[in-house]
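First comes one chain, alone, set out as structure tokens in the form predicted alone.
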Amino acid sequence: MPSSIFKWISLAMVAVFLSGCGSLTVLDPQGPVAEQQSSLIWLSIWFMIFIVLVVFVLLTIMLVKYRDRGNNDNYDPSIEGSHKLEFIWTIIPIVIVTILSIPTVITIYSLEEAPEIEEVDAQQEPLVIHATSANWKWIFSYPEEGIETINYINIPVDRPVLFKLTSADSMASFWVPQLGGQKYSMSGMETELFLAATEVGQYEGRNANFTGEGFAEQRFTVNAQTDEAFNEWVEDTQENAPSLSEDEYVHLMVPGHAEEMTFSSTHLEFVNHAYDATYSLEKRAELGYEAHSPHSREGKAFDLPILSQPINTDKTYEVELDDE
């Protein structure tokens, strides 16, 4: 009876553990960049599984072969060591690290270049998108198309995309697991990341670096479209979407959330946070916003704004306590 109970408890624990895994989107690549990284991850996993198996087999052999049999006639307590064994267990880790390092370095360097799309004959120039993080939203600018989106992007399939990453405030991390690995965005500087999608679909992106109370909802959607659908969206946005004024943009600098928005101009016309690291702080102060600890009375009294389009430019953000 106890063994039966133990068996069912073990199965329940395994089921609970596996239920939390969810879908491993990192291992479901939908583009050449993610495929390279996924291949590297699988290579590392299988190689390390092989090493673990070898270690456990050798451990089992040692435990059986050299177990205490009560006959210690061959035991020599004066043995100090073995140069042969010491050489072997020194060189083996070096070989393991070398085998893992070579494909890792090759992959890292290849990811710094625009990926080649095998599905097309003629490679296209990368689509340039500026991705700006601002607590707790993502702002995407298409400088060549002259349009801007909030918390979503549309990209054409089978074409590389060059993301120029920066931040309006805290350091964030831009990550679309099914298209490629993450890279940091920092205020006052710019980093670059190449991604590409080879399948039409919708992919989830997010900030992968904890930046405070609104971090969990700092997400965005990547819509990978055909060339025709992407070009139609660009033309429709240029013709019908409202332009983005600086008065509207400064409200996006206040910590809070925002719904998806679309504009027919970009904030790069009046600020680029890669070259102006204090812009958001100055504009927040003009709107009456003051940073408070979320555990303080002022912090608890402050409701994180959820902006929608059109943005209310009359709103201010002073904290008023009930007993004052």
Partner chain sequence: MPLRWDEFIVTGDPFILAAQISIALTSIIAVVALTYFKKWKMLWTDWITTVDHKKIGIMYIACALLMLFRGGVDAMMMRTQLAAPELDFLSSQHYNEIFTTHGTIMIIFMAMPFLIGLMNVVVPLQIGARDLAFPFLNNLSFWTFFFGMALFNISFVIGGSPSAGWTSYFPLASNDFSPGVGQNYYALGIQLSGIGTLATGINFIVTILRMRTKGMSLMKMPMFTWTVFITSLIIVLAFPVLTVALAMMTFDLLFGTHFFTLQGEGLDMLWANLFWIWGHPEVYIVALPAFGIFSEIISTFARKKLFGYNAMVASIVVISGLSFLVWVHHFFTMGNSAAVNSFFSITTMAISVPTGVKIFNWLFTLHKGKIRFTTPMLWSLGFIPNFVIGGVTGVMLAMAAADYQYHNTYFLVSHFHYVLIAATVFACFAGLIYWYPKMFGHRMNERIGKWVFWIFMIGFNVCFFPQYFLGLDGMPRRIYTYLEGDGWFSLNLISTLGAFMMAAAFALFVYNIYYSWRYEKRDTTGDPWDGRTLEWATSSAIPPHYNFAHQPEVVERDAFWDMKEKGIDLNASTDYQKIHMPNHTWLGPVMAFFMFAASFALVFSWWIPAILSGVAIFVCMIIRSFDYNDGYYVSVEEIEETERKAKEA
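Since we're looking at a predicted model, the values are computed, not measured. Residue numbers count along the first chain shown, from 1. C-alpha atoms forming the largest set that superposes within 1.5 Å between two forms make up the rigid core.
Another form exists, predicted together with its partner chain; not displayed. Remarks below refer to it.
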Single option in Val120, Leu100, Val200, Ala229 placed near its partner chain in the predicted complex, where near means a heavy atom within 4.5 Å: Leu100
Listed residue (Gln124, Thr104, Gln238, Ser245) with a non-hydrogen atom within 4.5 angstroms of its partner chain in the predicted complex: Thr104
Location of its partner chain contact in the predicted complex, chosen stretch of 111 to 119, 229 to 237, 125 to 133, 143 to 151 [non-hydrogen atom, 4.5 Å]: 111 to 119
is_contact(Ser187, its partner chain) in the predicted complex, heavy atom dist at most 4.5 Å: yes
Contact flag, Lys283 vs its partner chain in the predicted complex, heavy atom cut 4.5 Å: no
is_contact(Phe56, its partner chain) in the predicted complex, heavy atom dist at most 4.5 Å: yes
Any non-hydrogen atom of Pro294 within 4.5 angstroms of its partner chain in the predicted complex: yes
Those residues of 175 to 208 which, in the predicted complex, come within 4.5 Å of its partner chain by heavy atom: Trp175, Pro177, Gly180, Gly181, Gln182, Lys183, Tyr184, Met186, Ser187, Met189, Thr191, Arg206, Ala208
Rigid-core frame, C-alpha of Gly288, shift of 2 angstroms or more between the shown form and the other one: no
Leu43 C-alpha relocation of at least 2 Å between the shown form and the other one, rigid core basis: no
Thr60: Cα shift of 2 Å or greater between the shown form and the other one (core-aligned): yes
